[in-house]
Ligand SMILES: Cc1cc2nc3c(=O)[nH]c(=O)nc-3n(C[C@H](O)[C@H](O)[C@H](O)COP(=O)(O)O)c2cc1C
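Just one chain follows, in the form predicted alone, and it is written as structure tokens.
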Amino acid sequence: MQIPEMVRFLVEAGRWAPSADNTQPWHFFWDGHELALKYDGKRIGPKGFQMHHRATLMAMGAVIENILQAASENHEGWDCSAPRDESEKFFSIRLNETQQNLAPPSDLPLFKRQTSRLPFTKERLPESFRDFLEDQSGLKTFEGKENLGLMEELVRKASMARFRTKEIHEWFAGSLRFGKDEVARGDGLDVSTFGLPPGGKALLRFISDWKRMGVLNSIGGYRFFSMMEAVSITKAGAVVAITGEPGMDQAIEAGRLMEQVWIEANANGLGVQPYFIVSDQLARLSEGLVPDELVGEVRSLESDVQRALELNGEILYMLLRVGFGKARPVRSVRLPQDAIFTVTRGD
């Protein structure tokens, strides 16, 4: 079956969406008329973020946002749906013959979106971007020393729990990609994007082993590593919190909103780094997955989040560190289209 250029273009747009630890939990199917988005449980496996996990839902939302932006600046007229029924489709877009033959846009901001874990300046955000944030519901922006200090404390507390949770630590360690051959696989976290100081890569490799991390934790190592993870929060222009009602559809919409903010920030010359760790700890608490010895700490974190973000029946989905970067980041790679795209026979 010949694949229209526009279909390949939509898949390419979806392929560059962000996902937790660059897991890319999606797969696209084309039957000659409809492009469908599904969860790739076979590739992710039982130990990865499952189909209804908050991280997966937000990633799917980001994919949907990219596809809609790629379909057209105004996607009215496209037959789009989000059935999420027994077929486990998260989204589908049906192309008629005219749309299949459309010439894809030559250049879109979504293809320039990237993560920056490098240092930022404390320079004030551009007014155009600030106006964009104010026009969106579900966003809370934190600026200034005091407010950024509150966000740093939330990340630090969440990190302290994370570095003492075996399941999370081993999952994160398994996502790390150290050498060129590992990076070339197209998934996971390229360590070269972390902007580590001399010796940092060796230290990261050393603590990837849970037994070693356990020894360090016995002498308070988790406090040091959580501080290192959180310190960059105060050295930024702002932190943007994405909040919303709990639920599957709401998480997907939060992912769409996250992608809109991210693309707009990069288009304004700003760097963006996502912090899912706080939301993840709170989700684990609600699901009874926090180790018994850490429940008290995470409950305290939950109270701090409610107070700092002034949530009223809403939940935190994501924190985004935003600011002007001091250096150009290395862009993460992606799985090739052939690994995430299947052509099927239509009815």
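Residue positions are given as counts along the sequence shown, with the first one as 1. Please read all numbers here as calculations on a predicted model, not as lab measurements.
Another form exists, predicted in complex with this ligand; not displayed. Remarks below refer to it.
Proximity to this ligand in the predicted complex, defined as a heavy atom within 4.5 Å, singles out one entry of Ile252, Ile233, Ala161, Met258, which is Met258. The listed set Ile242, Ala71, Ile277, Val239 contains one residue whose heavy atoms approach this ligand in the predicted complex to within 4.5 Å, identified as Ile277. Each of Ala55, Arg113 and Trp262 comes within 4.5 Å of this ligand in the predicted complex, counting any heavy atom. Annotated contact segment (heavy atom within 4.5 Å of this ligand in the predicted complex): 113-121, selected among 89-97, 113-121, 145-153, 206-214. Contact annotation: Ala339 falls outside 4.5 Å of this ligand in the predicted complex, judged by heavy atom distances. Interface membership of Pro18, defined by any non-hydrogen atom within 4.5 Å of this ligand in the predicted complex, is confirmed. Among residues of the shown chain, Leu189 is one whose heavy atoms approach this ligand to within 4.5 Å in the predicted complex. Using a 4.5 angstroms threshold between heavy atoms, Ser226 stays clear of this ligand in the predicted complex. Along 328-344, these residues reach a heavy atom to within 4.5 Å of this ligand in the predicted complex: Ser332, Arg334.
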